[in-house]
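Take a look at this one chain, the form predicted on its own, written out in structure tokens.
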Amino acid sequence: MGETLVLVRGIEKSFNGEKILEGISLEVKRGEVIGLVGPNGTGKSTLVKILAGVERPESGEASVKGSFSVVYQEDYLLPWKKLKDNLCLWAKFRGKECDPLGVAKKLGIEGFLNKYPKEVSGGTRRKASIARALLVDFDVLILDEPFTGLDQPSKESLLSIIRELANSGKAVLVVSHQLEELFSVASRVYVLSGRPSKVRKVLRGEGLGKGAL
């Protein structure tokens, strides 16, 4: 089993005096795909933002070893920039050269690179946000509801990319409501439920990453 790249231990988080997350613990090792599932309002996206450093927990530990890239539930595309410029935004911010065509072809959006976000479908915007995250160097990829708005061929393409990343030694955390896709790629699935949310169970998936149990 590879080294642990994502470590969450005893995370607590409240909003407006109401506790949302209580005692959340999970880990993702190198070469492993891990899933996180739960009803709306159980704090899954909040946990993603804690890992990304956007939110701070009240207590507990949340750490990512090495570099990371995130696909948030919101697309966060700049409306005044064409898709090709949105795709390269994070790479250029990190001072890296960026050629978006290869990743765009993998996700089937190469024909939309000269379009603005408002000129394309929600599914294309979703794929653009995923492509942007893939165009930076990372050890850890965190995906929040990546399958939302994607047709079945696009889902299959994304699943293939996730498997390739795991097989190359990346650690991938996937938050999703879509259980069929999640179980096809993840080696373990953590289930959040309740109010405040806790990890109620950990299920075995059928993922094909090197870290599959």
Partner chain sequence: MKRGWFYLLMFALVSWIALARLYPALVPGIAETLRFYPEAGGSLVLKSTLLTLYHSLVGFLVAFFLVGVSILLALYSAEFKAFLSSLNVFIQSVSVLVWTIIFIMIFGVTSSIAPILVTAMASFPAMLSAGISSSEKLLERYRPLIALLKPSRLQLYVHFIVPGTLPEMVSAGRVALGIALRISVVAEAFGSAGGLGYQLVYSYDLGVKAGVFAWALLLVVLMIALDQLILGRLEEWVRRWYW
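The model shown is predicted, which means the values in this text are computed figures rather than measured ones. Positions refer to the first chain, counted from 1.
Absent from the display: the form predicted together with the partner chain. The rest refers to it.
Only one of 154 to 162, 26 to 34, 51 to 59, 182 to 190 places residue heavy atoms within 4.5 angstroms of the partner chain in the predicted bound form, namely 51 to 59. For the candidate set L89, V120, V103, L113, a heavy atom within 4.5 Å of the partner chain in the predicted bound form is found for exactly one residue, namely L89.
In the predicted bound form, the partner chain lies farther than 4.5 Å from every heavy atom of F147. When the partner chain is considered in the predicted bound form, V70 lines it closely, a heavy atom lying within 4.5 Å. The closest heavy atom approach of E97 to the partner chain in the predicted bound form falls outside 4.5 Å.
Using a 4.5 angstroms limit between non-hydrogen atoms, K127 is distant from the partner chain in the predicted bound form.
Using a 4.5 Å cut-off on any heavy atom, the residues of 77 to 97 that reach the partner chain in the predicted bound form are, in sequence order, L77, L78, P79, W80, K81, L89, W90, K92, F93, R94.
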